[in-house]
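Quick heads-up: it's one chain on its own, the form predicted alone, in structure tokens.
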Amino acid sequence: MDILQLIANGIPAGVMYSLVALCIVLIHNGTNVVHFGYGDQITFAAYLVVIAQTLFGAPLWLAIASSVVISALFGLFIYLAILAPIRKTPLLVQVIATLAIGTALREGMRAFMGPDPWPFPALVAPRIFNLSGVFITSANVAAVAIAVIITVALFVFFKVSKYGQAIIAACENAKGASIVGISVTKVFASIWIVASVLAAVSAILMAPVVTLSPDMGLIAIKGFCAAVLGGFTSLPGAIVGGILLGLIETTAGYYISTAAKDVVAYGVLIAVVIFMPQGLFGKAQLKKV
């Protein structure tokens, strides 16, 4: 297989990992919580589209809009009802809470929708483009284009808008931000809303490509790998880490075997944790003891 074809196959998977990693890092930087149930939030958003179409007969655009709105409200509920009250508890308590959220979502979807896969509507008509011998599907083109647009919009929001800058300030120093009049509670709630909206977007991009089942959220493990590879505190690092992981997986799948893709991805994660724990773009932190 030509190297360009490997890149064309690896980048679409990489941008999906990047979106997941971006949200995981955003939540972690803003609220100091590692959300282990984020993958199940993505799956929940995908099922919302299917439920709106199959049970209520909604057109695709309305089903997607409903999924985005409900996901945003659900993210706000998670923060206000569950994580805000335990914000000052030990980290282990918060980790267990996010694991419980994810497990409850996954098993609830399994009970309501069944364990069998569900078909998910494609955003674009299936086509294959031949660009000088490099084959690209319309689904991959759409996924990459949407992911790039959202990522650019997100970075512009953080760099240009006053509210985006307030979020960055609260992420860097919550106490200092509150002293200058920034409502840290509102900022944290906004982070959860943004991350939950992006969970719906990720679901809409992933579900047509991968199998929609209650276990689809396990793909978030790749998002965690990408976040660790990028540095776990760096938003640009999350994007680079996701794309690199997608390329590494694709290359391993071709030159070794498709069964080795996950092994190689997790091997990279272990190597980064051992030999470069700050990741590609993370910064080593010094703590007084």
Partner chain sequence: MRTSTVAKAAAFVAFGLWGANPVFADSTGVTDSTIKIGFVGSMTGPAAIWGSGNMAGATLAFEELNAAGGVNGRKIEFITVDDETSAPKGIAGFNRLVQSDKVFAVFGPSSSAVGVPMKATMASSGVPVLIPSFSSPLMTEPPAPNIFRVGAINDRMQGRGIANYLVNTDKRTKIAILRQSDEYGATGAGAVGDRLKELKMAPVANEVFNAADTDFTSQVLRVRSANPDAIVVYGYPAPSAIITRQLREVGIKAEIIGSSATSNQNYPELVGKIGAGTKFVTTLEHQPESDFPAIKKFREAFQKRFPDLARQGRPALGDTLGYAGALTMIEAIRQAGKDLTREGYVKALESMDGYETGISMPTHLSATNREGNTKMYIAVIKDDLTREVLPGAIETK
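The model shown is predicted, which means the values in this text are computed figures rather than measured ones. Numbering follows the first chain given and starts at 1.
From this point on, the text means the form predicted in complex with its partner chain, which you will not see here.
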### Query
Is every one of A13, P115 and Y254 in contact with its partner chain in the model of the complex, taking contact as a heavy atom within 4.5 Å?
yes
### Query
If contact means any heavy atom within 4.5 Å, which of 141 to 149, 212 to 220, 92 to 100, 70 to 78 contacts its partner chain in the model of the complex?
212 to 220
#### Entry: its partner chain contact in the model of the complex: G133, any heavy atom under 4.5 Å
yes
### Task
Using a 4.5 Å heavy atom cut-off, state whether R87 contacts its partner chain in the model of the complex.
no
#### Entry: in the model of the complex, A111 touching its partner chain (heavy atom, 4.5 Å)
yes
### Query
At the 4.5 Å heavy atom threshold, is T250 in contact with its partner chain in the model of the complex?
yes
### Within 4.5 Å of its partner chain in the model of the complex: residues from 79 to 102 (heavy atom criterion)
none
